[in-house]
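For reference, the chain that follows is the form predicted on its own, supplied as structure tokens.
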């Protein structure tokens, strides 16, 4: 009964402001802090609230102008009347660098004419490369980057994206997404680094360091924005921006670690979850935005709302009786900047609230201090607009090769019966399916436009899967028939007839680009037309190479059962077509591993770190049984694991356990192998996860070569959140697994009771 009471109390934390809050004592003021405070001392209330106001570019552009142009009068109003501190977004599709220079220069020139000459901080969603600048380098989406299990290439992608974002004269990137990709239904899962907390936090920290570099204020780096804090990715329905129910202990165990790690990595800004947890919108939660984020994580950067989310406290969540109340609730909870973004209502209401004593001036000063400090750190006061000549590598071949490598290392080979792959280059191939000849299924959403719907027009010079295969083996060896659109059959008989004249079928199934609410679905199963196309082609007896180009793991069990080989391309970016063709025909060796568990059935969506209860009984066919598990992936060569060694049989408080294992390439081709270390705690006060990823590394091995891979584990690496919401490592028996090697060890603690086989 005691534990039940504790759980109930923990759930109430989301609804009660300040409960069990930890005091947040700011560090001693730096010279920069003093400079910021000196500027704040000169500011009027109106100027301060203006800094907290963010509007979209449409607010200051001419109506119906094409291409979009700034409206001088609207811009003057935004800066001189409302003192707007931030502008974001793009009006229409992507711009070239010259247009971006004109836009940013005009905005900063207007800002220089305001009384205090405070520069505007411009923000953009450059989530897999500079998505809104023509000619930029577009990388695989995060779910694919995670499948590389290569933090070095993620760091490189971050550096290149930062370079090209600054080359677009923009200093603030709304990336990375650090949400945990637990639900394959959720339409934004492709924006995440997958389902595993350790993978998400390490990949997230790596790309943040790439974005921000050693000096975020230099001309090649940008401020990162970790998002969406917190628990956004696990709505109960799987639909975007719908309620989630996540107990505090569960939140801390799985969702919080990536943000805690990002704060340690130095992320300058954070964007807030648009949804609600346990009935409390995060934009209204002082517990989450102040007590946890500031008091526990010690984050001291800008907390910015997501699109219209303060308004939605009234319009959607119905916790604020008026829009003015919504502003009061959000700012007092801890929101520093409102992405309003379509008007100046936030500005007007907040000034009234301060004058009425409903929002304290101390809260305003705190928010403005954070905003101005980031502007100083970015060098905007000295260099509000970059020099076009400083970015000769923009869209370069050097950068393209990094994107190609990332796509190649991400693509995951899931099946290869009788080594049907790689294909010979002198055979006749039928390429078919709805994702075969569109860049939208390689780039996904947030590509040139919000929904990525113009990628086929704007990704000039890039190869769809079809075009890449044609270039690889010649047009004469390639037959193309679409066979189906995404949800309807299309000249099915022609596709079947063409298959009879081919040696192999490359069947490309999956999804069209989407994001956010537009990507909501009611059924995770692949649309029936795509499955029917697969079944009809299977009747020809020709080997089917199934290629899945999709943002989430759609259920493909029936179609996949007829494939000779299966590859998951995720959303592999502008170089994804070339990367896939290289793999199909043996010019590259696949090395990707699944960053999510691939479900077999629509109602069996367990993550790999399931509880033991979810495994089912020996005679239970409804236990954990995915199509493919997280971390699975094949190669054209083979690897063996041996000699798994621990530096000591017992791990004690304050000690480090060194783990080593030998990995050998036992095949005939050079290949990359992701070495994944999992642990299991056999017994604990909270039912332990079946296994958890604790470390990983990626190595390159020539045929016959052996490398010893070494990891180090501390008691902290084995910790979990207990029923008192405390992070603890309990003494007891553990199992460690790498490849097919397993070894046991004990953790011995002088402070935490042991959990052994006798409970």
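Positions refer to the first chain, counted from 1. None of the values given here were measured: they were computed from a predicted structure.
Not pictured, yet referred to below: the form predicted in complex with a small molecule.
| query | Does the trio 125, 227 and 271 actually contact the small molecule in the model of the complex, every residue with a heavy atom within 4.5 Å? | reply | The answer is yes; 125, 227 and 271 each reach the small molecule.
| task | Name the stretch: of 574 to 582, 609 to 617, 431 to 439, 88 to 96, exactly one has residues whose heavy atoms fall within 4.5 Å of the small molecule in the model of the complex. | result | Only one stretch passes the 4.5 Å heavy-atom test: 88 to 96.
| message | Within 4.5 Å, heavy atoms only: does residue 593 come near the small molecule in the model of the complex? | response | Taking the distances in the model of the complex, the answer for residue 593 is no, it never comes within 4.5 Å of the small molecule.
| said: Although the partner isn't part of this model, could you tell me whether residue 300 comes within 4.5 Å of the small molecule in the model of the complex, counting any heavy atom of the residue? | reply: Residue-level check for residue 300: no, no contact with the small molecule.
| Is there any non-hydrogen atom of residue 399 lying within 4.5 Å of the small molecule in the model of the complex? | Taking the distances in the model of the complex, the answer for residue 399 is no, it never comes within 4.5 Å of the small molecule.
| Touches the small molecule in the model of the complex: residue 241 (any heavy atom, 4.5 Å) | Yes, residue 241 sits close enough to the small molecule in the model of the complex that at least one of its heavy atoms falls within 4.5 Å.
| Contact residue in the model of the complex, chosen from 311, 560, 511, 306 - any heavy atom within 4.5 Å of the small molecule | By the 4.5 Å heavy-atom cutoff, the listed residue in contact is 306.
| message | Which residue, 339, 498, 185, 378, is the contact with the small molecule in the model of the complex, using a 4.5 Å heavy atom cutoff? | response | Only one listed residue qualifies here, and that residue is 339.
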